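First, one chain by itself: the form predicted on its own, in C-alpha cells.
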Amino acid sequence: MNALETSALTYRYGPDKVLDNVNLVVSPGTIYGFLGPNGAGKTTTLKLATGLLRMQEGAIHIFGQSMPVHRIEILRSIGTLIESPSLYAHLTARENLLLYQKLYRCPSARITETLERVGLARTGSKKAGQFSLGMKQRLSIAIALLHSPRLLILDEPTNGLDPSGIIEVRELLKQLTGQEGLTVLISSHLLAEIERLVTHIGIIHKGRLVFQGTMDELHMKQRHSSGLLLGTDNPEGARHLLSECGIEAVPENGHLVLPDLPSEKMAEITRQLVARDIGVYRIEPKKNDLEQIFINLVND
C-alpha cells in the first residue's frame, strides 16, 4: 500500500489544463522529491492531495484511502506545509504549539517531544518574531508534525531561506525520516538541493509528469547522456565524415556531441578529420550534471 498514489489526475483552471494525467507513486518510508519549474503544477497537485482543492478528474489514495471520500481520516494521517501557517510572533515556540495542540486534540506531551525533534526545545521565552527564517520554518514543520502524521507534505520548504537556513531544514528532514517510519513528499524547483535529500523523484512540467523513479535511476539517465564534445573548424564537414563512419553527431553551441567512443576509435576519427583538412581543436568528455538532465527533461 503506497503512502500516496494519484491516478490520471487532471485539473483545470477555467479553460487552462494545469494538470494532465498525473500518476504519482510515493512509497512508504521514502523521501520523494516532487520537482518542476515554477507554475509546473506542483502546488496544485499537493493542494488536491490535501483536500484544499476540489477534485475534478482522476483519483487520489493516501494509505489506501480515497480522497475526498475519507478526507477526515486522511487529514489525521498527514502533516502539511503547503503555505506557511500563521505563526504568532508575540508567542514562544511552545505557546504557538499549545494553540495547535488544542486544535488537534493531541496529548500535551507531544509539544515537548516535537520541539525536541525540530531542535527548538531550548528557545525558552524567545518570541517567534525574533526567530531566524530557518527557525521559523522549523517551527512551521513542528506544527505539521504535532499530531504524529504518517506522511509529511512540504511545498517549497526552503523557499526564501539563506544557505544556513536551507542546511538547517535539510538536516532536520533527514533526521525526521529516520524516525517512526515517516514518509516525506517535498516539492521544489531546486534539483541541486533536493538531490542531497531525497530517495525518489518525480519531475513535472506543464502539468505532465516527465520522469518518476529513484535517484539511482536519474543518475543512470545522467550516465547514459554522457558523451564526447568535439570542436573543429568545420563542424558540417566533420559531421558528414562521422556519419560515413556510422556515428551520429549532434550540433551544440558550435561543437559536436558524440556518443562515448573507445580511445582507439576516437584516434582513428581524428586522423581522418585531419586527413580531410578539418582542424580539430577540442576533444573532451561531456557529462550532463543533474541540473542539465532536469533542463533537458522539461525542454523536450
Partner chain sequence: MAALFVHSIQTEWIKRKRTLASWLVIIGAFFTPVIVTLVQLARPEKLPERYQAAEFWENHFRNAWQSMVSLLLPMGIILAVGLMAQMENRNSTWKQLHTTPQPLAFIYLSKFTVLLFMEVQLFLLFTVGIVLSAVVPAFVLEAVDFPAQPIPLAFFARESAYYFFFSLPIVAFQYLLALQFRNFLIPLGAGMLMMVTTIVLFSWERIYVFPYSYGMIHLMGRFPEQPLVAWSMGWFTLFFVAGYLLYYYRKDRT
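Residue numbers count along the first chain shown, from 1. As the structure is a prediction and not an experimental result, all values here were calculated from the model. Each form is matched to the other, and the largest set of C-alpha atoms that superpose within 1.5 Å is called the rigid core.
The protein also exists as the form predicted in complex with the partner chain; that form is not presented, and the subsequent description refers to it.
With respect to the partner chain in the model of the complex, the three residues His205, Met220 and Leu261 uniformly fall beyond 4.5 angstroms at the level of their nearest heavy atom. The contact with the partner chain in the model of the complex, taken as any heavy atom within 4.5 Å, belongs to Leu87 out of Leu176, Ala121, Leu87, Ile167.
Exactly one listed residue, out of Val274, Ala267, Leu52, Cys245, brings a non-hydrogen atom to within 4.5 Å of the partner chain in the model of the complex: Leu52. Proximity to the partner chain in the model of the complex, taken as heavy atoms within 4.5 Å, picks out 94-102 from the listed stretches 94-102, 207-215, 188-196, 113-121. The partner chain in the model of the complex is not approached by Val184, whose heavy atoms all lie more than 4.5 angstroms from it. Contact annotation: Leu230 falls outside 4.5 Å of the partner chain in the model of the complex, judged by heavy atom distances.
At least one heavy atom of Arg76 is located within 4.5 Å of the partner chain in the model of the complex. Proximity of Ile72 to the partner chain in the model of the complex falls within the 4.5 Å heavy atom cutoff. Taking the rigid core as fixed, one finds a CA shift for Thr92 of 2 Å or more between this form and the one not shown.
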